[in-house]
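Starting off, we have a lone chain in the form predicted alone, written out as structure tokens.
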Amino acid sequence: MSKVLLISTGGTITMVRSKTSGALIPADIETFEAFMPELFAGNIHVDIQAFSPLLDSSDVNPECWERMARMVYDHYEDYDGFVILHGTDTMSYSASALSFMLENLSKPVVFTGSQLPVGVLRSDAKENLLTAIEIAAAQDEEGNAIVPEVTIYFEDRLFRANRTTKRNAEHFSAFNSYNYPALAKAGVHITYQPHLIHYTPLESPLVLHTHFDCNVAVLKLFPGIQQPVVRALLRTRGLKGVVLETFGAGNAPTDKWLYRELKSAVDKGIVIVNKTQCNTGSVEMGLYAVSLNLMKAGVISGYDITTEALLTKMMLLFGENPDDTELVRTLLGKDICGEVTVD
């Protein structure tokens, strides 16, 4: 019998309706289990550990990421796979972070949640959770995990975690992976795409990374953006890295002041990464003349990475390499665990 550890951090999926007030409230483990008897009726052994108190995903931060990753790390040898229940609002951030924190991962870590609470009649909670459990336990004929990476399962798709973005606040298909195909699709059967899955050599030991530096920021360009706004952000005390969200294929206004502000920041050691505001597509530095100033200023390309993955990757790299900005710059331009398509 396969063994899966279910880690409950909170979120909509863990909510039930109060019998007294009728309001939605976080469910304790016993109440949650009562709504999900199917968890214990199949051929997969499921154990549950929960955060106390349960968290709204808006309150999740790097300390919470460390708790999640450490629970996986500490129980790694005891289970065939892991499922993490998480609120949808910041799920892509947390799942992306864990993809970088758990180096040499060779077992599934599947994030899931729901748009409606488990205690609501039309909830998508049961289908999402039960399928995530099945994926976490899935093994090939040799007993190896079919999807040994951090993923998000939602609606009927399994995505690489560090390629995802929450796209809809109302629909059951809340997530999408715009620049990388789904790893699996669930219907009557779960159809996996092995050629798309990231595999780590089985002999490589799991390594846990937990040091984050949150001195990073996102600067989103827009027509009419003013110099004082850009200057104030780039001159923030302690700032180390910036995600520069640009237009189209990585383009920016050609104002001389913008070039000067960006170059001054880079010269001071701040790492600035060019990330397109478009959901689909990649940054192509130098394709248009309006991106040449960014190259001259020392801004590096983020290619087709998501903002969620870029921020968490940047925070972890600065945390793990506090005195080596050049190494951080180099690694931000490389693919570590399938998060980016590098030219």
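Between two forms, the rigid core is the largest collection of C-alphas that superpose within 1.5 Å. Position 1 is the first residue in the sequence shown; the rest follow in order. Keep in mind that this is a model prediction, so the values were computed, not measured.
This next part talks about the form predicted in complex with a small molecule, which is not shown.
Chemist: Do all of Gly11, Asp56 and Gln115 end up near the small molecule in the model of the complex, with near meaning a heavy atom within 4.5 Å?
Modeler: All of them do, each having a heavy atom within 4.5 Å of the partner.
Chemist: Is Gly87 close to the small molecule in the model of the complex, meaning a heavy atom pair under 4.5 Å apart or at it?
Modeler: Taking the distances in the model of the complex, the answer for Gly87 is yes, it comes within 4.5 Å of the small molecule.
Chemist: Look up in the model of the complex whether Val328 has a non-hydrogen atom within 4.5 angstroms of the small molecule, and give yes or no.
Modeler: Because no heavy atom of Val328 falls inside 4.5 Å of the small molecule in the model of the complex, the answer is no.
Chemist: Does Leu332 make contact with the small molecule in the model of the complex, using a 4.5 Å heavy atom cut-off?
Modeler: Outside the cut-off, so no.
Chemist: Can you check 267-275, 207-215, 129-137, 88-96 and let me know which stretch has heavy atoms within 4.5 Å of the small molecule in the model of the complex?
Modeler: That would be 88-96.
Chemist: Classify Pro26 as shifted (yes) or not shifted (no) between the shown form and the other one, where shifted means its C-alpha moves by 2 Å or more with the rigid core superposed.
Modeler: It does shift by 2 Å or more.
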